[in-house]
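Just the one chain here, the form predicted alone, laid out as structure tokens.
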């Protein structure tokens, strides 16, 4: 299949040793000129000869080569015949919500297996290639991470997103007494740190969870974003009204969270913080010194409520599927409760709350009485959330027990 060389090829000086080597390999005399005419360089021709490409192979290759050196790829369209479920027409079941994750979980695409075996980042429902690289996931059991509520909660989280920069009226802030402002700023310092750290820890675990449970991963991504938003919101409050950041919060509890060696341990450890902070935010009107803070606590409570719903439903599902791991959860929660109770007695934690609840530093005694009521509500809500998850603590921390029974 001879082809006349282009003008560029005709004028190119081809070393005689290249032509001699080509003849030795059975190349037709015109093949080098054809290669140069199609855009291949002398270096590429030299490499082909060095690789002992015979004349027949070189001729067949050049017959399908395009100008510029690119070979013609004859389409096979094999990707059009993979045996995935076809003919899907997802429709929004609720026009107000639009097309949701629940709406596209149709047929086999909505099947979430108890164990996800594929270690790659294959999209659930797509057809797997024969061999793909392991992407490093370590969590493949649905019972460890799953709760059915993650599907609607993700949609709600996206729909209820808010911005501290524009959804809080910072300009409305008015000066507070020095002691009250210091109490607010100390509380904001603590809450900002706790939100930041929870988001960081959840972010570390997200890559461990296999792609087969993508709805759960999507929801946890919204929680991580919520924690980031809470972090900057509390920080903004500390720096927006003549105050500043206070003393670093205690880190005993955070240390227990950091030491979690499995996702069930992490969630068991976080359960008490997620519950008690939700209760704190739901009592935000008692703590707030102005409308900005009332709105701030209400928005944060709404976000925390979603996380708590996931916590409850995940633990319930986990215990139903793996009942032999109940005592393990007791152990984790016992460690977390002891650290939280220790921090509740720390002056850095309770004195700012007493000032805010009492209405000033000179009303600290009344504030401590109100703080005791708040702690009681937090303890009772925590136990109630565990009950909703079908979990009864066999060795509830003694201080917590006293608060619940008071």
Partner chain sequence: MAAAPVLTEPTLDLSWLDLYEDPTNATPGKKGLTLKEINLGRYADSARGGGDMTYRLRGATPRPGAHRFGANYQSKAEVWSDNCLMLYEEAVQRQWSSARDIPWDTLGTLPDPMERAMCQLSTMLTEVEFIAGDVPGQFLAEVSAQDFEVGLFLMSQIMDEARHTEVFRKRALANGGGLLAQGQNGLRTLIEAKNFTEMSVLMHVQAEGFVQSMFRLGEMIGHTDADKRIFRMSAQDESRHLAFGVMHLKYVLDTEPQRREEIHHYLDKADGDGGGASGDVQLQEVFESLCILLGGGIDKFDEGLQKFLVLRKRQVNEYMHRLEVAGLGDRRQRVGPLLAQFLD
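Residue numbers count along the first chain shown, from 1. Rigid core (definition): largest C-alpha set, two forms, superposition within 1.5 Å. Worth saying up front: this structure is predicted, and the values here are computed from it rather than measured.
This protein has a second form, the form predicted in complex with the partner chain, left out of what is shown; the following refers to that one.
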Flag residue 361 as yes or no: does it have a non-hydrogen atom within 4.5 angstroms of any non-hydrogen atom of the partner chain in the predicted complex?
yes
Considering only heavy atoms, tell me if residue 302 and the partner chain come within 4.5 Å of each other in the predicted complex.
no
Could you confirm whether residue 350 comes within 4.5 Å of the partner chain in the predicted complex, counting heavy atoms only?
yes
Should residue 100 be counted as a contact of the partner chain in the predicted complex, where contact means heavy atoms within 4.5 Å?
yes
Go through 139, 308, 260, 228 and name the one with a heavy atom inside 4.5 Å of the partner chain in the predicted complex.
228
The partner chain in the predicted complex reached by all of 15, 189 and 232, non-hydrogen atom within 4.5 Å:
yes
Of the listed stretches (267-275, 126-134, 293-301, 316-324), which one has a non-hydrogen atom within 4.5 Å of the partner chain in the predicted complex?
126-134
Could you pull out the residues of 79-114 that have any heavy atom within 4.5 Å of the partner chain in the predicted complex?
79, 80, 82, 84, 85, 86, 87, 88, 89, 90, 91, 96, 97, 98, 99, 100, 101, 104, 109
Aligning on the rigid core, do we see the C-alpha of residue 40 shift 2 angstroms or more between the shown form and the other one?
yes
